[in-house]
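Before any questions on binding or motion, here is one chain by itself as structure tokens, the form predicted on its own.
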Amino acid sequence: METKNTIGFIGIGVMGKSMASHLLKAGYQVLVYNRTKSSTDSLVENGAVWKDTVAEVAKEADVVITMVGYPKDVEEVYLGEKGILKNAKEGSYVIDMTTSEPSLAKRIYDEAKAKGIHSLDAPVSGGDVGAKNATLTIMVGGDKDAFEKMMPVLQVMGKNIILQGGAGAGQHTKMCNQIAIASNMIGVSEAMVYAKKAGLDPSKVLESIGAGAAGSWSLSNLAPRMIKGDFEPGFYVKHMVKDMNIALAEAEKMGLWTPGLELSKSLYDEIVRENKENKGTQVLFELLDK
């Protein structure tokens, strides 16, 4: 019987906790590290092993998966003095599933390759629902052989898993995803506010329009939360703003005009000014429902 890899998982947040739990259930030994140790308690109770530092995880794991907050966190976790690449075993695999900068993914890939470590950038889409149900879309950049080797691990967490190209291609694809979502969230929010103001039953409206040409993931999954007044995060506003900033910077480098993205960013900036950056992205409904 094949011995399963030991997997290190760094970043146990809304998404990471579910993703790590699927790996445990699949029979992998999982080592966990998170800045807030208490976030890992339920995983440790179910068999995960807590490690005190990123370096300890990297030294012991065959595969290290990261799901942290911002590009600066990715840089620190991978390239810092006590980071993954200074401590990982030669021949090991590192998979960054954070939405981060394509240029940073390339830097990590180059430094990893120089040390005999295989690197993939593999951001995800599907929110907390996709993480819980192990149905995440995973967009991957890196070498084909590393991708194929890691496919059994990725399949534990997601369903739609596609190699998009070389290092950084996964992150560029995630930017396409966020650009599409940014304008769509405005439409979904406006439609639900319109239904409410017109005196309609928003749930019935959703039943009609969700099955037609207006259908989208955000409409199916986030409009019901808007209707209930549930603005808790499946995906944080602060992380959406971070993603939009990356996408706008990349678009500018390409000389690309993205008016929908710019408008969405301006609305989410207003939400941040209202101190709601820790709410879910569906809180846009509340901003428009005034």
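So that there is no doubt, residue numbering starts at 1 and follows the sequence shown. Superpose the two forms; the largest set of C-alphas matching within 1.5 Å is the rigid core. Nothing here was measured: the structure is a model prediction, and the numbers come from that model.
The next section is about a form of this same protein that is not shown, the form predicted in complex with a further copy of the same chain.
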Considering only heavy atoms, tell me if Val44 and a further copy of the same chain come within 4.5 Å of each other in the model of the complex. no
With the cut-off set at 4.5 Å between non-hydrogen atoms, does Gly80 touch a further copy of the same chain in the model of the complex? no
Any chance Thr258 has a heavy atom within 4.5 Å of a further copy of the same chain in the model of the complex? yes
Using heavy atoms and a 4.5 Å limit, would one call Ala198 a contact residue for a further copy of the same chain in the model of the complex? yes
All three of Tyr28, Val57 and Val74 touching a further copy of the same chain in the model of the complex at 4.5 Å, heavy atom to heavy atom? no
Students should find that, of Ile209, Leu154, Leu85, Ala146, the residue having a non-hydrogen atom no more than 4.5 angstroms from a further copy of the same chain in the model of the complex is Ile209
From Ala247, Ala48, Ala223, Val237: within 4.5 Å of a further copy of the same chain in the model of the complex by heavy atoms is Ala247
Per contact check vs a further copy of the same chain in the model of the complex (non-hydrogen atom within 4.5 angstroms), the hit among 87-95, 165-173, 107-115, 146-154 is 165-173
If you look in the model of the complex, which residues in 202-236 sit within 4.5 Å of a further copy of the same chain (heavy atoms)? Lys204, Val205, Glu207, Ser208, Ile209, Gly212, Ala213, Ala214, Gly215, Ser216, Trp217, Ser218
Can a Cα shift of no less than 2 Å be assigned to Lys51 between the shown form and the other one, given superposition on the rigid core? no
Core aligned, does the CA of Lys196 move at least 2 Å between the shown form and the other one? yes
